[in-house]
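What follows is one chain in structure tokens, specifically the form predicted alone.
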């Protein structure tokens, strides 16, 4: 019976490195995102999680890959929208779109995989330092990441008796395509951001992938928020 990792947004960044980490350990890996994961052997389900129709695709892929029984499943909620916006001017449509991908999709996926959660399985949420604070210009992201912590804690309570654990891992400034896009590819800003950790550097996506894999294999970490930010310097 093979262990499987279902990772959303594994086409790049932390998700891609998580796919590689689980794959190296012999797990089967399924990626759900708009673009395929470049890691060899990954089962790709190409779907836009912001639009209707993804549930049917994922459900069919889960049935084909996992079957009626199997080993452990680690569901990694990694996909997220990160927009430049303002809490005082958010439109309802914009906020709904971000919450749909960042919060509603994880909740729906939890329900969809419930029958595959054998003992030792895990549900992992990729949060953010903005899961517990906010910064200017990232309102919808901060709102959704706060909500993700609440979803993780609710998940923990509703998994009582199943021997399935759940964790929210909150990375700091990680050198991903999302971060570089958010700062507009400005190298000076990137270097400034790197100096905001006590190590004076950005986190490598591989480092967060290692934390995710460790959490998947450590049931005592259950219902907790783990900060992985190299000692972020607060201003």
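This structure is a prediction, so every number in the text was calculated from the model and none was measured. Positions refer to the first chain, counted from 1.
Unshown form predicted together with a small molecule; subsequent notes refer to it.
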Residue among 29, 209, 167, 32 with a heavy atom within 4.5 Å of the small molecule in the model of the complex
32
Identify, from the list 79, 109, 124, 73, the residue with a heavy atom within 4.5 Å of the small molecule in the model of the complex.
79
Taking the small molecule as it sits in the model of the complex, is residue 178 near enough to touch it, meaning that at least one heavy atom pair lies within 4.5 angstroms?
yes
Find out whether any non-hydrogen atom of residue 151 is located within 4.5 angstroms of the small molecule in the model of the complex, and reply yes or no.
no
Residue contact check: residue 48 to the small molecule in the model of the complex, 4.5 Å heavy atom:
yes
Should residue 12 be classed as touching the small molecule in the model of the complex when contacts are defined as heavy atoms within 4.5 Å?
yes
In the model of the complex, which of 109-117, 126-134, 87-95, 155-163 comes within 4.5 Å of the small molecule (heavy atoms)?
126-134
